[in-house]
Ligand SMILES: C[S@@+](CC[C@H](N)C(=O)[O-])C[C@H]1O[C@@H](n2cnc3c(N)ncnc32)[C@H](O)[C@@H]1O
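Here we start with a single chain on its own, the form predicted alone, put down as structure tokens.
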Amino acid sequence: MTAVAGFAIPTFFDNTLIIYAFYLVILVGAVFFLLGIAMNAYALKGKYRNRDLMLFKINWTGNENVLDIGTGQGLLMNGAAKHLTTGKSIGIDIWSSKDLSDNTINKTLANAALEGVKDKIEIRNEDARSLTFADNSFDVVLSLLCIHNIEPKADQEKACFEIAKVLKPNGTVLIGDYIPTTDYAKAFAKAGLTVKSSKPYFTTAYVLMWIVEATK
């Protein structure tokens, strides 16, 4: 409607400033329209393509201990669990409804049951800034669209330090987010990890998406 108004209204006005203003309305309307399309594409297919890309980067043996930071409804946790035999995939979250609609532990458990991995997963209500796991506990640490939610922003580095602590030597961490992951990469390097890459994957996710990969 915004774009339609932008095209229609200039026909009734002759003022150049008004015409430019309505061309701006067209642009804004088009941007929101494209964003809407992108978000729908991500929800329907992009998030699964992005999950598979992240999980493909791991050389699975089946006995890994996996931690999914901000698991939400279990997308990465359940995906990782499907690669496991004797290993365990643990998802943590504070289950905030403002970050994800219908975001509850019960929904997460129901999804794990639907995916057929309920016996391979464990979920905990836990804050990424103060993990209770022992140092060097996990072979793989994953996170998707979570770290940017941590406030204040300075605590995002704290969360990255916690991730580095619980990661085993030779372990891998993969963090995906809709903002550039440069700051996460810097925090991991500061914590002593080796950053392999930090780059965008827009065509995979169909939305703004950067992934940082680091090893210990």
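None of the values given here were measured: they were computed from a predicted structure. Numbering starts at 1 and runs along the sequence shown.
Another form exists, predicted in complex with the ligand; not displayed. Remarks below refer to it.
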Inset, instruction - Note which of Cys146, Ile121, Val141, Ala80 lies within 4.5 Å of the ligand in the model of the complex, where distance is taken over heavy atoms; exactly one does. - result: Cys146
Legend entry - Joint contact, Gly72, Ser96 and Asp127 to the ligand in the model of the complex, by non-hydrogen atom at 4.5 Å: yes
Legend entry - Which of 162 to 170, 148 to 156, 180 to 188, 59 to 67 sits within 4.5 Å of the ligand in the model of the complex, heavy atom basis: 148 to 156
Inset, instruction - Decide whether Asn136 counts as a contact residue for the ligand in the model of the complex under a heavy atom distance cut-off of 4.5 Å. - result: no
